[in-house]
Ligand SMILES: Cc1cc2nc3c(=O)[nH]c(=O)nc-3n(C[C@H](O)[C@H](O)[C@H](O)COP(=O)(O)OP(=O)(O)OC[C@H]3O[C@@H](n4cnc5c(N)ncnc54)[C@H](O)[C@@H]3O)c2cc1C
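Only one chain is shown below, in structure tokens, and it's the form predicted alone.
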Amino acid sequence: MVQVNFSSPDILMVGAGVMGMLSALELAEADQRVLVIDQGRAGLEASWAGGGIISPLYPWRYAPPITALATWSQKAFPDLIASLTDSTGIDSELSANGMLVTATDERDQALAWGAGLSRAVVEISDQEARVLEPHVHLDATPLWMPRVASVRNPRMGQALRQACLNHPKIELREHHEVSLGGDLDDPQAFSGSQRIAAHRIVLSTGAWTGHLLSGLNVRCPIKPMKGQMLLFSPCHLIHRVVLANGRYAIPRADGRIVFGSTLEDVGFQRTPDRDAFESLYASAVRLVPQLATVDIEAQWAGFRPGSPEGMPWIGPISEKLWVNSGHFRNGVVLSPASSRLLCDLMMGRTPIIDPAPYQPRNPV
């Protein structure tokens, strides 16, 4: 493990979720010295709490800029996870078994969207679906998305944390809160009473982004959206992601099933509650009836960085202040492209995709 201590880094990355750590690794590979600071342990907020589906839910509902980020990222994921596994010894359990979509009334829209992406969405019969997932209850003739993968996102966070600790151009500081002061032309970052000197500051702070920017009198629409999840004990009842009625079941390699999720606009109220438990449990048992015989190991809640239409902010607010946040329900899937795009813009390189849709909007 490499120990570094930068007195004046090139870049201060505030936030050490998947987005912040992957952005730091991209910038470090571009020869930037990056100080990454998080108020808790790296990778333990939304990056840990989500499901890890490598696709937006119902992707045909999203604007083309989200599809552009997702498509680039989906192509990058196999090499990214393989590289992380090789360099850290931590297996993020990437599974490319596809996603079964049932109980949707958007069939024509989904097929039309998929046809533009070389059959990313295809029709299958009930019989074919039962061969894929014999324990799943079908409310309607399903759709099949063969290219969709999933990752065990807590382990991806662990792997990214270790990769940052190993990198000679990255210093990671955990359990340090950061505040902002000054103004947009000369933003100042503080940890307690200590000023952190850096040439540029990047906020990759998820649901906390709006709160941090308020210290600079910047209006920001990114806010916390609570989501609650259940974890079923090992049962091996499904083998691919299943999506129905806005909720999803995600199998893990050890046979556990992650089931989610709620979508609640309640601020930073983290406590899981009984109403959510009962709603999620009823949905899970309707989708996979045999889950009624399986123990539940955990219920938890996390905060998505909600944003209008799920459109993230990726780019500069000012010359010294940058943002990579607001990915709403799609942080994991969009992280490779978002991190590369941020690095391209900060390093003055030709961007991988048109950056215009993601520029911070009406920031003051």
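When you see a residue number, it is the position in the sequence shown, counting from 1. Owing to the predicted nature of the structure, the values given are computational and were not obtained by experimental measurement.
This next part talks about the form predicted together with the named molecule, which is not shown.
_in the model of the complex, the one of 66, 46, 35, 28 near the named molecule [non-hydrogen atom within 4.5 angstroms]_ = Residue within 4.5 Å of the partner: 46.
*Contact label in the model of the complex: residue 19 to the named molecule, heavy atom within 4.5 Å*: Yes.
*Is the gap between residue 52 and the named molecule in the model of the complex 4.5 Å or less for some heavy atom pair?*
Judged by the heavy-atom cut-off of 4.5 Å, residue 52 is in contact with the named molecule in the model of the complex.
*Are any of the heavy atoms in residue 313 no more than 4.5 Å from a heavy atom of the named molecule in the model of the complex?*
Residue-level check for residue 313: no, no contact with the named molecule.
*Does residue 39 make contact with the named molecule in the model of the complex, using a 4.5 Å heavy atom cut-off?*
Contact with the named molecule, yes.
*asked:* Please pick out the stretch from 109-117, 206-214, 279-287, 131-139 that is in contact with the named molecule in the model of the complex, where contact means heavy atoms within 4.5 Å.
replied: Looking at the partner contacts, the answer comes out as 206-214.
_Residues within stretch 317-346 having a non-hydrogen atom within 4.5 Å of the named molecule in the model of the complex_ = The stretch touches the partner through 327, 328, 329, 330, 331, 332, 333.
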